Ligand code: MSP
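Here you get one chain, nothing else, as structure tokens; it is the form predicted alone.
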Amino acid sequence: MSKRSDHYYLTTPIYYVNASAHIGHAYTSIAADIMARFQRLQGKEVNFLTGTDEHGQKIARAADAAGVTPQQFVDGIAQTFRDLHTTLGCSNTDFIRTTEPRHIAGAQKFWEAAAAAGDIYKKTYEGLYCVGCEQFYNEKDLDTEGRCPIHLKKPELLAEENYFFRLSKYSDALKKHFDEHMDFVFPQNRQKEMRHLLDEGLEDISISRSVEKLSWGIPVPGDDSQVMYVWFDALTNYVTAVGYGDEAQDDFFTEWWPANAHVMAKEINRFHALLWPAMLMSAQLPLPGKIVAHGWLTVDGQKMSKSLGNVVNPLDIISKYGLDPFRFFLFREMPFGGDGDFSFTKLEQRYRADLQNDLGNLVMRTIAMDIKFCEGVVPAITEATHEIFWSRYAEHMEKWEFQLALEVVWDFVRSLNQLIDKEKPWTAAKEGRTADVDRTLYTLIEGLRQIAFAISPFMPASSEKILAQLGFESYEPQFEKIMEWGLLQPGGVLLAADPLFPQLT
């Protein structure tokens, strides 16, 4: 068997469970969910993976501070991440934890494959280790005060005997892959950053810790004195979740691997774009199709920080504004891939302008006019009078250009609102021009059907509500059929319009 063309496999990072989820986690997971739903629109079977990273020194210390065992600690936090994905409306098909037997077995098999390739060796090492990043730093990588550039804390000096992975061995192979796949990393500036790091040269990386220093980890095969270093453990979740390490799952693994896309925030791009491909090369496994490394979110122009008191809880936003508006705002306001700024003021502006005024009013006006002038049934099919947006929309979606895809849809939304003002169906009805009324209203109703499908990856509940009000019966999505004009058949009964987006209090 081999990877099927009608299968699409994408992942979020597995989230580190030393603290509760925040808006950054939500941003990553919703982005992956949008792509998963878009791929399903095209009739593909989607495997959408998320999960939790549950080993490492930070976890052990957090558990100790909480007065519980590491397993008890991760069990509680992992459940909050499961609940978060449900709350976010994410359609993930799997949730993996690195403490699960399937992952432990697969991670150990992966280690053995890399060792068999001659890519793992043991040596005594002294280096500067950041517990927050779970990685060693060279002095040149620290800031002017000798601090980790991410956590702004001075790393600890560690000296111990560890296993190392021959990352340097794969420098040329990685350069070749980057040069042959110019869009391997999204966005393009992150591709260039990774290519630059390759030119600077890669160093072998520590992939284990002494049990004396850290007992909370997956044992190294054949050496109980060592546990796997968190990244060599964590990254393998992408293959262990689809059956790697279980011979009974071999067919399933070859059916789904390689992943089409790994989605994450930019601070872990290096591990996914350089270390992970090298590990896969060592284990003689195919490389993923794309690394999607989005930017960071600030809040009102400031970096999120507990000390500043501006850490945004996505659950609070959803409680006030609703899930769909939250999902919509994140990808309508900010170009996906770059850094973005979250603002409650901007959210409310988008809510009132784009959702209530543009889309919400279009639905309400269209259904109200159809009930008044056409007795609430779909009129006769007429030819499309507006350019249909699907080809441009799909092109942007495939490129992860979510903001541009939504702009294409909203151009169409605005054009339908303009059509109402231009054609004035109430005047045509008064003058007895029934054909003109039918033509305008069919254009509006069928246009709304297409809009509903286009927004479904971003606002699934709102999409379903629009389709229900149009009397459109569900069916197995096929992108070619969705794109066709005239799929909404005459004679269907519309429901009384119910506001999609209530007034803000």
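Keep in mind that what you see is a predicted model, and the values were worked out from it rather than measured. All residue numbers refer to positions in the sequence shown, first residue = 1.
Here the subject shifts to the form predicted together with the named molecule, a form of this protein not shown in this document.
Proximity of Gly89 to the named molecule in the model of the complex falls outside the 4.5 Å heavy atom cutoff. Although the partner is absent here, Ile14 lies within 4.5 Å of the named molecule in the model of the complex, judged by heavy atoms. Among residues of the shown chain, Arg327 is not one whose heavy atoms approach the named molecule to within 4.5 Å in the model of the complex. In the model of the complex, no heavy atom of Leu197 sits within 4.5 Å of the named molecule. Scanning Asp183, Glu161, Glu267, Asp204 against the named molecule in the model of the complex with a 4.5 Å heavy atom cut-off leaves one residue, Glu267. Note on contacts: among Trp390, Trp231, Tyr351, Trp410, the single residue with a heavy atom within 4.5 Å of the named molecule in the model of the complex is Trp231. Residues placing heavy atoms within 4.5 Å of the named molecule in the model of the complex fall in a single listed stretch, namely 234 to 242, out of 364 to 372, 234 to 242, 253 to 261, 153 to 161.
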